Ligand SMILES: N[C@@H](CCC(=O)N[C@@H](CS)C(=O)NCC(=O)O)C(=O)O
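One chain comes next, on its own, written out as structure tokens in the form predicted on its own.
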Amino acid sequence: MPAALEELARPVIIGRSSSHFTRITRVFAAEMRVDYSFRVVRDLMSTDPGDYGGNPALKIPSLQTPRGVWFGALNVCRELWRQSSLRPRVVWPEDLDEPVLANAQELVLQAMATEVSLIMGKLAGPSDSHAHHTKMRNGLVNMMSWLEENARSALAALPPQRDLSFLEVSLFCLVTHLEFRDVLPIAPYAELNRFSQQFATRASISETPYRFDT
């Protein structure tokens, strides 16, 4: 098959290697053993949806496939699972029917979004009010404290007959991204660090390190 046609046949993840939302999808692709191409969004200040795979929200990641484009990390991960010949046992957010599990997933995603806002606020300059910035940072600290206190019980409540869960992948990507982007010191979070160290032993983690695209 010509290289150009082979490229079109593979799904294309659109994002950045420094993005925690993007890393979730790349970890899933590695776990699913789905071969893909990677397209870097060079300018996060771009207002052209085409740079984000057509996503009108101007967000990453997206996934281009012959069936169409999928917006957002969760949608991308679901499609990667559907494309996998392995079909591992994945625990999805809708499977989290205990309060501690559902709340953990909600706060992980909220913390990730808050972190993005804080990072983008730095890039955009001092346009946000000091009060808004302070509220976001306090909210992030509060969420991380809750996750630290509840991570062990939440992870223990996950179904034992699983190969992977969206909660574990997203939690790992959040904790390690805070350190990578120097947004919040993670040394005080002993339980979250313990989880991250254990989860980092998976091959999919060593295959998808954070880095700044050049």
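Being a predicted model, the structure only gives us computed values, none of them experimental. Residue numbers run from 1 along the displayed sequence.
The same protein also has a form predicted together with this ligand, omitted here; what follows describes it.
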Notebook entry, point to check: in the predicted complex, does each residue in the set 26, 77 and 164 place a non-hydrogen atom within 4.5 angstroms of this ligand?
Noted result: no
Checklist line | Listed residue that, although this ligand is not shown, lies within 4.5 Å of it in the predicted complex (heavy atoms), from 143, 102, 91, 116 | finding: 116
Note to self: Looking at 44, 40, 30, 184 here, can you tell me which has any non-hydrogen atom within 4.5 angstroms of this ligand in the predicted complex?
What the structure shows: 44
Next item on the list: Answer yes if any heavy atom of residue 58 is within 4.5 Å of a heavy atom of this ligand in the predicted complex; otherwise answer no.
Entry: yes
Checklist line | residue 111: touches this ligand in the predicted complex, heavy atom cutoff 4.5 angstroms | finding: no
Next item on the list: With heavy atoms only and a cut-off of 4.5 Å, decide whether residue 86 touches this ligand in the predicted complex.
Entry: no
Check: Quick one: is residue 139 in contact with this ligand in the predicted complex, heavy atoms, 4.5 Å cut-off?
Finding: no
Checklist line | in the predicted complex, segment of 144 to 152, 32 to 40, 60 to 68, 167 to 175 with a heavy atom within 4.5 Å of this ligand | finding: 60 to 68
Item checked: Those residues of 11 to 30 which, in the predicted complex, come within 4.5 Å of this ligand by heavy atom -> 19, 20, 21
